[in-house]
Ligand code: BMA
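The chain below stands alone and is given as structure tokens, in the form predicted on its own.
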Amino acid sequence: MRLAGELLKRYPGNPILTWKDLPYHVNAVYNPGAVKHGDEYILVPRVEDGRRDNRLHIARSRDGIHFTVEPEPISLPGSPEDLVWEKHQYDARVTPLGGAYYIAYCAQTTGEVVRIGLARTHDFRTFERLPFATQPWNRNCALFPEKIGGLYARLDRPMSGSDAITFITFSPDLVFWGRSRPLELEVQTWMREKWGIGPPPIRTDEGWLLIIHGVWLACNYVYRLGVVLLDLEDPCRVIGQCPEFILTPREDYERCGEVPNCVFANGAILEPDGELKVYYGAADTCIGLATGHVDELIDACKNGIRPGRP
């Protein structure tokens, strides 16, 4: 199967959020988590201030396009030890689960040691800090939106260079994690340097739809988006994979910025009519919106390739 073109189509008014939309001096706003809360669209973007320190903020919208960013970052109370780990907070993934919303995010020290923090909210106004979800040197983490085999499940990727592997890990209580199993995809050329997850997995009748990012290294890094399909009962099993990327940096706001040639998604919202809104960071500088239809994405996975099949 060959795609006729990119499966995600850019909103014509992109970028939808830039540094100009913040009420004070910032360097950039990008890589948002995304979720629907009642009739409100919520983004949890990474805001890089004038010191280049990174914090998580809340942005709200009624139409999923025009957002207002709250001026103060999310407040997460914690012990002095917790706060030492959180000089920077960034790259949030938001998962609705059991009547609450869980935010998995990168917590980084001044010395650039990073692990995954976890917070819980019911209203996106007050937040509860949960125990750190991983040990140091871990990124790209998201919870599944339901328990699997009676256990909480997450995707995460320990940081180990170009051979970094994404795992699915399980927990009875969101504190103790184990039974990690690798998620094995067919590595394509556009993702051969490394790959990781995008937004949290989305449940469909055909399987867990998972947007991923992949990195190609030639003269410089290029970040693109792809899509795979995981088995509902055993999500470690890849049942479909689109071999081609579904979004690549083409526009000026995706090619020019803090990290050139980069589209990177942490958040996606599936609408009742099957439209998938994917909110993505562009060049680590601003936020774009791209849309696709869930049936087309599933079809691209099912009619693409599966690991071990030519």
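Start at 1 with the first residue shown and count on from there. Remember, predicted model here, so these are calculated numbers, not experimental data.
The form predicted in complex with beta-D-mannopyranose (BMA) is left out here; the points below concern that form.
Candidate from Tyr90, Tyr152, Tyr102, Trp195 lying within 4.5 Å of beta-D-mannopyranose (BMA) in the model of the complex - any heavy atom:
Partner contact (heavy atom, 4.5 Å) among the options: Tyr90.
Contact assignment for beta-D-mannopyranose (BMA) in the model of the complex, among Val259, Leu270, Val26, Val69, heavy atom within 4.5 Å
Of the candidates Val259, Leu270, Val26, Val69, Val259 is the one lying within 4.5 Å of beta-D-mannopyranose (BMA) in the model of the complex.
Among 56-64, 271-279, 247-255, 26-34, which stretch has residues with heavy atoms no more than 4.5 Å from beta-D-mannopyranose (BMA) in the model of the complex?
That would be 26-34.
Answer yes or no: in the model of the complex, does beta-D-mannopyranose (BMA) come within 4.5 Å of a heavy atom in every one of Arg46, Phe264 and Asp284?
Affirmative, all three are within 4.5 Å.
Would you classify Arg237 as touching beta-D-mannopyranose (BMA) in the model of the complex, given a 4.5 Å non-hydrogen atom cut-off?
No - in the model of the complex, heavy atoms of Arg237 and beta-D-mannopyranose (BMA) never come within 4.5 Å of each other.
Give a yes or no for Arg120: in the model of the complex, does one of its heavy atoms lie within 4.5 Å of a heavy atom belonging to beta-D-mannopyranose (BMA)?
No, Arg120 stays farther than 4.5 Å from beta-D-mannopyranose (BMA) in the model of the complex.
is_contact(Arg129, beta-D-mannopyranose (BMA)) in the model of the complex, heavy atom dist at most 4.5 Å:
Output for Arg129 is no: heavy atoms all beyond 4.5 Å of beta-D-mannopyranose (BMA).
Are any of the heavy atoms in Arg139 no more than 4.5 Å from a heavy atom of beta-D-mannopyranose (BMA) in the model of the complex?
Close contact exists here: in the model of the complex, Arg139 approaches beta-D-mannopyranose (BMA) to within 4.5 Å, heavy atoms only.
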